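Only one chain is shown below, in structure tokens, and it's the form predicted on its own.
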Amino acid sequence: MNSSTIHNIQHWGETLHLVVELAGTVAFALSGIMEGAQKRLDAVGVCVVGFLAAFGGGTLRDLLIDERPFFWVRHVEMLWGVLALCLLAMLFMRSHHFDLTRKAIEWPDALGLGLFTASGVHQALIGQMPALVAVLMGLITGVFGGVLRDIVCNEIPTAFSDHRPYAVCAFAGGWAYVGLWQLGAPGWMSLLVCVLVTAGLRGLAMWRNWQLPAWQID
């Protein structure tokens, strides 16, 4: 990878990376908070589940590509923001809010999936990882926060069990990013297309109720 290509990738990273991480973090933190509240966890439990949903995928990505310090260590304001979100939710959200909020959060969650996928691909390409590894890093960043959230709450991860495409959308969006990068497209364009492909496919899957095939035992 030549220096001009690296600069092209870093261009949106310098200007938009924090915004991308922040938007995705808020969406996934809310999903963790609601899951913890429905399980009747105490204040510590809700915060832990919210933090896992918000930071789990990005932390696993940073571990795998040996990125130090972790993104939430570099931007400690994210930790304070998620902590404040957890506490405010516990103070003001009640059970009758959950159904409406869970339905409403599906769309920001789809956007967060696209943003985190783009962020993961971005970080891997900066580290000069192969294309397939970069796509997988995007998928891990977008999906595994929710996986960790569900495991801690003693649930089969929703990404694996509700049959509507989720990880598949991140996988497709990651390849869109890599394809544009290989064509020399500007970094902001790769980001935008990755988010549109990932979030758009996820939105269509929810709207049209697309189903992935389940394992047939008999």
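Values in this document were obtained by computation on a predicted structure and should not be read as measured data. Each residue number is its position in the shown sequence, starting from 1.
Omitted here: the form predicted together with another copy of the chain. The next part is about that form.
- Not displayed here, another copy of the chain is approached by S161 to within 4.5 Å at the level of heavy atoms in the model of the complex.
- The closest non-hydrogen atom of G45 lies within 4.5 Å of another copy of the chain in the model of the complex.
- At the 4.5 Å threshold, heavy atoms of A29 stay clear of another copy of the chain in the model of the complex, well away from it.
- At the 4.5 Å threshold, heavy atoms of I33 reach another copy of the chain in the model of the complex.
- Shown here without another copy of the chain, the chain has I33, A37, K39, R40, L41, D42 in 25-42 lying with a heavy atom within 4.5 Å of that partner in the model of the complex.
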